[in-house]
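As a starting point, one isolated chain is supplied in structure tokens, in the form predicted alone.
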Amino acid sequence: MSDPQSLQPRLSPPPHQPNVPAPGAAPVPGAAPAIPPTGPDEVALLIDDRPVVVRKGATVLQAAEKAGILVPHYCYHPGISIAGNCRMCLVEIEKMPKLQIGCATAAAPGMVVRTSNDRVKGVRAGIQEFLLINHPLDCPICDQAGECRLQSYEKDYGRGFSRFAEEKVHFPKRYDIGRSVLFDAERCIKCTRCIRFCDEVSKSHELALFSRGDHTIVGAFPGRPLDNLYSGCTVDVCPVGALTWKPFRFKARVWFLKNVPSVCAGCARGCNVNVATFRNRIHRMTPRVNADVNDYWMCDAGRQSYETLYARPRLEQPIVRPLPALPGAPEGPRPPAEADSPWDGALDRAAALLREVARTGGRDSLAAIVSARLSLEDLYVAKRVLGDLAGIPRLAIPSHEEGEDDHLLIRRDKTPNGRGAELLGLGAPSSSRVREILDDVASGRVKGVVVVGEDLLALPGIAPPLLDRLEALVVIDWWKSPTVERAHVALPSCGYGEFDGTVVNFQGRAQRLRAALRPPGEADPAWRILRDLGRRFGLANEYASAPSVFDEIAVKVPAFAGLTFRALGDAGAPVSGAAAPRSAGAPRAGA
């Protein structure tokens, strides 16, 4: 079995498996440990001579985590109830003759706990050896290798060899337990985390233990495969690689992955995630703990939401198509169809088209449709450039709704920044406002449209001939959508994971998107494209970076007063006066 400690820092936790503590302060040599004073709802105890104060009801394991002491465990997870069946977290407590499990023993005032003396280590070594009796040592082909707790604890508690000479008990391997999850029963240590997750969090109840003794196996009830909307979380909580996520199997070794903290853009919840990349490609997304947004979980749809980045052809260069035959337009050679164009030429052409339509048809003949999938910075610069400087009187935001809000995380609103658009003064996403614009296109009242981040032809009831009526269609998008194929000027923007920015979730919490990839070709963040277009209309602001745009938003938009891009950190911050109660949230730990 390989040693993962040589591949990662000593206490570096798997990104999606929390509750591995950060190192705490070591006791002072020679100083007598003393139990500190406590408040009415607190308990003070000593753990390995370190004084710890925790709230009443906290367990010894939780108190040790607070002190920065690692108590090894398999079955305990802070987001689900305590089972106490792996026995790996045994600790010695003064005045108790037997070792106690730290995960289920409540911290008591004055308790003195030892987590790493020879007696404790000897028992844990026995448990580790017991768990490895039937566990196959297939680390070289296991997706969990590098994040496996059996691997992590083997260094401290393993013998380095096996005394078990008998035949191992064999179970089904590569068992298709659900739509997206594969089960290797031989790796399972029956910690029951997956069963408890399905019972308590997803409340779908597909899994249970079957058979007895060393033939006990986790299985799905007949006719009820593991197909709930959060089935990927059972893979996250599995500590040993028995459950694996099909889309990620054999894609990359986890120690090669670079995990970038970001936010899921699959719906208005904005679950905190780690975006794992290798060789400039996203290979998986896993939930990142944020008690104010998603606790420890994320849905399967959000987990795979990055796949559209690779499923569609990317727009990598600016495209300029022949000028429409505008009355009074200057004569001259037209660029060839489908020709790539330098950025300056494309932006000049886009600005000239919009000016020409405004000159011949008036400002009311212009409109813009921008997406609530864009970042706050994109939307703000779009409002400034298209609305204030180019004089486009109507900016509409399409709504994207699908399904219903569920009991846990999923939101019907599939846009990550609808609340942000509303706070910026662009109005809430509205299909009727978009429909009004398109009706005016059909009637000829609107002749020029700027589209940012949307495919108009994906909206219900919109046919290609409608866009062919436009005299100016400028599109900024990341992929070669059908709308891009009809644009007079198309400008390539970054896709998910390729830019820094901010989104505001439905609760009114501003959170940071982080760039994890290099964009393909000449793609640029949408705010920077809009900035460069704005310079053709007299924009003086430089907007050197996304933080500089956000900081201007914080100065000029009252709802964001007092916030800074840097201060948002990894957990985000509530927008002033916009925070909503945490509704439809995940159950608390141990609920």
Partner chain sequence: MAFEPLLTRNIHREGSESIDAYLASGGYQGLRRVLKEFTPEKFVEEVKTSGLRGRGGAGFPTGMKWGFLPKGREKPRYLCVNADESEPGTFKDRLLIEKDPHLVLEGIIASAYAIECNLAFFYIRGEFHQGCRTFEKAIAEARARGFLGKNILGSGFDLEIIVYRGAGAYICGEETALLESLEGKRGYPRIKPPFPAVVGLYGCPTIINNVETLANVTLIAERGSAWFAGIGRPPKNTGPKLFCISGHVKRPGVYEAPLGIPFLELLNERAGGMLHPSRPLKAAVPGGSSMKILPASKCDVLLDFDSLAAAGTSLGSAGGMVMDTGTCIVGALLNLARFYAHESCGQCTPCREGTGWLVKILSRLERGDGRPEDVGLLADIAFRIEGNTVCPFGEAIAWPVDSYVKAFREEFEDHARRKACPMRAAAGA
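Positions refer to the first chain, counted from 1. None of these values were measured; they are calculated from a predicted model.
There is another form of the same protein, the form predicted in complex with the partner chain; it is not shown, and what comes next is about it.
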In the predicted complex, which of the stretches 245 to 253, 511 to 519, 211 to 219, 467 to 475 has residues with heavy atoms within 4.5 Å of the partner chain? 211 to 219
For the partner chain, considered in the predicted complex: do all three of 84, 104 and 133 come within 4.5 Å of it, counting heavy atoms only? yes
Tell me, yes or no, whether residue 362 is in contact with the partner chain in the predicted complex, where a contact means a heavy atom of each within 4.5 Å. no
Is residue 169 a contact residue for the partner chain in the predicted complex, using a 4.5 Å heavy atom cut-off? yes
Would you classify residue 98 as touching the partner chain in the predicted complex, given a 4.5 Å non-hydrogen atom cut-off? yes
With the partner left out here, check for me: in the predicted complex, does some heavy atom of residue 139 sit within 4.5 Å of the partner chain? no
Which of these residues, 386, 408, 90, 456, gets a heavy atom within 4.5 Å of the partner chain in the predicted complex? 90
Sole residue of 123, 352, 260, 309 within 4.5 Å of the partner chain in the predicted complex, by heavy atom: 123
Going by the partner chain in the predicted complex, which residues of 158 to 192 come within 4.5 Å of it through any heavy atom? 159, 163, 164, 165, 166, 167, 168, 169, 189, 190
